[in-house]
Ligand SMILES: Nc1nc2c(c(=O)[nH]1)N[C@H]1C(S)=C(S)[C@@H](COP(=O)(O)OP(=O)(O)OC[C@H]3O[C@@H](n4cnc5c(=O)[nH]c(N)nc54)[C@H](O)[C@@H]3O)O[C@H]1N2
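Have a look below at one chain only, the form predicted on its own, in structure tokens format.
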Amino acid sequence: MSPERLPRAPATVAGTPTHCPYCALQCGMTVGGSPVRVEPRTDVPANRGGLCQKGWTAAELLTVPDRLTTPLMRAHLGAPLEPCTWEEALERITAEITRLQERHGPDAVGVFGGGGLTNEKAYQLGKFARIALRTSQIDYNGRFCMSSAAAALNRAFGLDRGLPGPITDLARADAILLAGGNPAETMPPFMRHLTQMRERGGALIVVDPRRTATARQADLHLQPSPGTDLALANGLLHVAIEEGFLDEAFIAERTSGFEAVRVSVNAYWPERVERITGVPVPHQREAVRLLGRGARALILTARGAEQHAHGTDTVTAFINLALALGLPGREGGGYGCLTGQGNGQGGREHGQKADQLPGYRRIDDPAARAHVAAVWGVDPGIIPGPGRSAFELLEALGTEHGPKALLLFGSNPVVSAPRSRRIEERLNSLEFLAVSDFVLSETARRADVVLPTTQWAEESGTLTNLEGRVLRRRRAVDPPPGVRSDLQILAELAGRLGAPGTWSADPAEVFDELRAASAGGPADYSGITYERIDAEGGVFWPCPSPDHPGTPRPFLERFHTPDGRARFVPVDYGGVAERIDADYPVYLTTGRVLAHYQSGAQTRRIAPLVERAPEPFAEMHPDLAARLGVREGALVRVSSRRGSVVVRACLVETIRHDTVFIPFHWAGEGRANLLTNPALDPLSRMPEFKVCAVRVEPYERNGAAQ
């Protein structure tokens, strides 16, 4: 059976064209029939008729047995969640917000969003926080996804766009280096573009501590020690300079700051880089030659390179390499990053992040505040300033100077946040927690009020995929009776709180307001309409007017910096935040598996996916297992300085001897994020999910090894 999909239904689905509810590839699918089924669309470039296991089973999400269809409320601390009316639930939320803000001020209430929300919902959530609640305390789980790449892109190019061009450019590349990504499992239809590239004679280079399903298809696999990607990228640039692969004309005409970077990478000669990373010198040289000899080449990063306390600098090092080779100056070349969550790109452009306003504007920019305030019909002075980043917001919950209440939409931080036991404690310390979700997730179970919300196929809106292409999600089925959309919930709460301005529950009306609010900003959607998206199959932003064609390749002629030049930035490798030692002698890295998605709140409810991946595991090399006395399938305890998990050992020869891998999709005592380190990147505020020090030992119960 193909790893890309489950067996398909024999009949063709006649229904509504829309997009998958999972990753940022946003594969096109048709939804319809009775019972509801999905079929892949062939008119969407991202997937062109392909779906992964998750996409093929997406219709089952609509009828999961524990689907919420009525609000739930807890009468008091310790009481069970019980069904209530919408009036009771909304009145309780309004009363708690009012009580706590009167006592402690506007920042007593926080808001936490999600990278899977549509653009309309992300926009309305940010607006609600700023002018209905007037709180600065809003951020979202996308901070845990692509924030390091976003910070590096803004620093180097002046604009944060996931891919530098349409996804179809990949197939025409002569070489692609992918650092820290495993799309063969995380977004399988993406692989067809890499396969087409290799069939044309192009080369795929994969950087990963594990020999993943993607790395097994590579022409060259670089297998560094976890957390050393920055040193490797600097070393590759050193080799590029030494072997004469620089594009001197591009550097002179379209960049600034190269000489400082040239000096800084003098310290990263190949032999030293091999000692730091474990990547042999010949492999370093071969990678540079593959990239440097091609007319078109791409460097892509993903979470493995980005989810570090130095993630922004790591991405910057790869951008420096791309710039030195002149890749961003060529159609089909450049630097890009693989966005993870379904609307990870659009979700951070329109106001969910603590420091941003719609259109990717800075919230501390007076001109940006004035523009958005005019659209909202308020005085700019009432818009609060920047708040805490995602982990810092969660860490502050219930503390003396932190929020006393939290409204949460589209996220499950009990599973997805680092040091998750601590996050549980913080959520439990709140005076009030309200969650909007379609099931009772691990986070929703701790709420005082739970609001049942619509799912992907039951709502309309737009999403922005990893290319920067704005797509339409279309309502294909009716939601169950008693379920409301997040737009309805936010509009109703805004009215009850006496918020100024207009508050629509109609996605088309909200999108028109978003267009006006984004006009003139870096992420300008003002020329994009639902009608254009339908007619053109999606529109690339920025698109500042109805007659503008959109911008599929934003960096070909100039960069979005004041002088139009890309900026080289010197970066230095300082090591991981937590090194291995005698007590914790093994590195842990985390990630995803083919059958599951993010915190697993969706996929752990789909029987075929659970059958394929029923429980968490610790992947380790047989040599490491032999030293520890661990057998295949035996239970092991993996402990860090923050907690421990008990999972089964999975022995593979495709991982480094000093590293174990645990996927992060499961809840309970198998949560990988019980172990992870919340050390934060100073710019992006990304936690160091991808590497920490752990101890692995056979699990003993009642004195006997299991």
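Note that residue numbering begins at 1 and tracks the sequence as displayed. Note that the structure is a prediction, hence the values are computed from the model and not measured.
Below, we turn to the form predicted together with the ligand, even though it does not appear here.
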query	finding
Interface residue in the model of the complex among Asn465, Gln352, Asn119, Gln307, criterion: non-hydrogen atom within 4.5 angstroms of the ligand	Gln307
The ligand: the contacting residue among Pro554, Gly326, Gly387, Pro226 in the model of the complex [heavy atom, 4.5 Å]	Pro226
The ligand in the model of the complex: contacting segment from 138-146, 630-638, 399-407, 534-542, heavy atom within 4.5 Å	138-146
Non-hydrogen atom within 4.5 angstroms of the ligand in the model of the complex for each of Thr18, Gly294 and Gly334	no
Contact flag, Ala179 vs the ligand in the model of the complex, heavy atom cut 4.5 Å	yes
Close approach of Glu185 to the ligand in the model of the complex, 4.5 Å, heavy atom	yes
4.5 angstroms heavy atom contact with the ligand in the model of the complex for Pro164	no
is_contact(Asp437, the ligand) in the model of the complex, heavy atom dist at most 4.5 Å	yes
Heavy atom within 4.5 Å of the ligand in the model of the complex - qualifying residues of 54-89	Lys54
